[in-house]
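Provided below as structure tokens are two forms of one protein chain, presented individually as structure 1 and structure 2.
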Structure 1
């Protein structure tokens, strides 16, 4: 009898000991890399050093791997270089960012298939017309008997889709990130619950305020630099800026199955000196094969800001495509300056990584006026527009390149990128015609034709006075 009682006590002791496992976990997380690869050798060396010190060290990405570096975006297999490098560095998990869709669903399928790390996302709904292969919503890690569940989320914009060209997400629907997070609170039962959230810091704060069951939110999308994390409603929220300048280091300590501490710090990769030589060699091999450094023209002076860069980009459309007027959205500009001197193909691809197709629409003066009233921040060529608000009434004055009033009886050949055409609701009797050319290619041809471009002193082409 005493023998059986001893065995039962021993079994119960072992059971409760198993329930009370301790763990020290380190999560390194990058977000919004946008194809920037130069700091991967430093990240790899830092990760491997921590991994030796603590085997429970993980490396995650919070999405937006692509769109921002011509070496990655213009590679024959779009996006492959950064996936290849991430494989070699040792990533184990990534969420899906909005820019993962920039190459289209079929290309994204290929990159996911080549990744040796897992992509997760819980709030994508797959329709009959979608081609994206369904992703797992979360992943569970077992660390010394402690479970760590990681849920992936992607942002959803006002149009009901992430911030990408609508044509790239055909057949997909996107549920509310906050609502979706609430459907997976069971992941926190008896373990660590982590969100890999590509939704932006404002959204992350709202999710934290609503769901204290979440332990850590590893954030992205808003490119926010959060030093040492922030705690909202007991939830640790982190984000590490963008372009692989920093990596977030989150440490979670578990004692007897309970989290006793969770901290975060930013590691400035530019200040690290140690590099992984194998990763440096891999990056150098990609750079040596890059043909985008071909010089196509010259900037007579520095071209900076969206006003000047936008004038260059829209002038390329009107001049090269025989259009009267051209519009582009300012969000399509992805660098802040073209320095004085040589302009390469990669300069253009960095400026305009999306290369959206151009649509030509024949528009009347009235249609143009209504379009401008609704889209006062757009970039334009071929006209100048002065919008005045007085006593709740807006007046529009549209002049041509020479300052003469636009003829209200005529119709005009207007070009705009397919992103504007797909996302902006505006009156136009003409349905539009695809010109089968894209914005970046046209800009390259324009600069090659001009040889030297000078946009250092361009006046505003759309002005708004109240």
Structure 2
């Protein structure tokens, strides 16, 4: 309480110190880059040009730096390249996105330690079992005597955590972003109040409708392309699509301590021609060192055809994600064979180029039986299934890995890729939950864990007799 009172007094003091001051501020903000680095040379050149014209130009990121490019995600130090590039481009601030947790808290600590810019987040609560080092909730900039306070927020999903695998956020709790924003309204007393909100546009609109004290919301998470910003309840809401295709440019004009205008536009980075040669050189060096051909394990014998490759891929899901059963569709297998010998990361990406998300559904025996009857060509792990068809009547015998009949009264944790979920109509009481991991990354982890995989002689797991 005393700490909060002190902060309030400090902010008010800064505010009164800033009364009557003028400032022209430019904030460039990227969101949801997901490891896409190709446009950084253009962003860097653009930022430097603006910075020369107006020293009060800032470069922020609104989270989800990681997950989406093997060059960044599979680097020996996961995520290192993009943080390194962001350091050199000159970012000063980033919120934490849900995908910042994808490599685990220890790795996130390393990336935060590596960053020469600051990460902020106000709605993370740190428990005893968490390993994430506590982050500052906000940062205050003093610009020609005008204060600009920036508060960081992360989205919270229906399970009470951000969209990442639950194991990545052990020991952490997450408060409601809207409620948290309400606790920091005092930041609005001191000049400009900016929210760096990785919560999605719908949540941003709700926050804006509740708190007109906020001046600008720099948004992310929903990958929304808001062309010239949206004004709700007097709050300017922005978002710049995703994957570093655009940068949002927000201009705030302050006269005599009051905001007289705030505007936003999207700059299409693909349409810019000027590049920062130093950043281009840095990206090229990461690309030439790309470890796509890195050996991740070994095939003890040739793994050939959908039956054997499918067994490898579905076993990866059950083994690595603690699922009872896993299904994949045969159309998702895009190569015919993994030769005996070394398996590289590129082989996995060729085998499974889609990298679909995995969905977990709790299914009853009856639901499982109906699912199998409709999808007899699917690839499966965790069970074997014999379907016998006799005069329009079909009987299904499902056994577990040990050959024992499945318990009809039990419920089973079933994993499948999001493509199956969305395209196959099947009865299931549980809506299912995204596991926030994708099939190719799990397969890489499985092969790395096993060192040697042997699928040269696996029996068919679903058989149909007529």
Partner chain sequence: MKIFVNNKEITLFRGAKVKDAVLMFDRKVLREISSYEILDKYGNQTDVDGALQEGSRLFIRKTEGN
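Positions refer to the first chain, counted from 1. Whichever C-alpha set is largest while still superposing within 1.5 Å between the two forms counts as the rigid core. Predicted model only: the values in this text are computed from it and were never measured.
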(request) Choose the one of the two that is the form predicted on its own. (result) 1
(request) Determine, after fitting the two forms on their core, whether residue 308 shows a C-alpha shift of 2 Å or more between structures 1 and 2. (result) yes
(message) With both forms fitted on the core, check whether the Cα of residue 415 differs by 2 Å or more between structures 1 and 2.
(response) yes
(request) Would you tell me if residue 327 moves between structures 1 and 2 by 2 Å or more at its C-alpha, with the rigid core held superposed? (result) yes
(request) With the core fitted, just quote the Cα shift at residue 440 between structures 1 and 2, in angstrom to one decimal. (result) 2.7
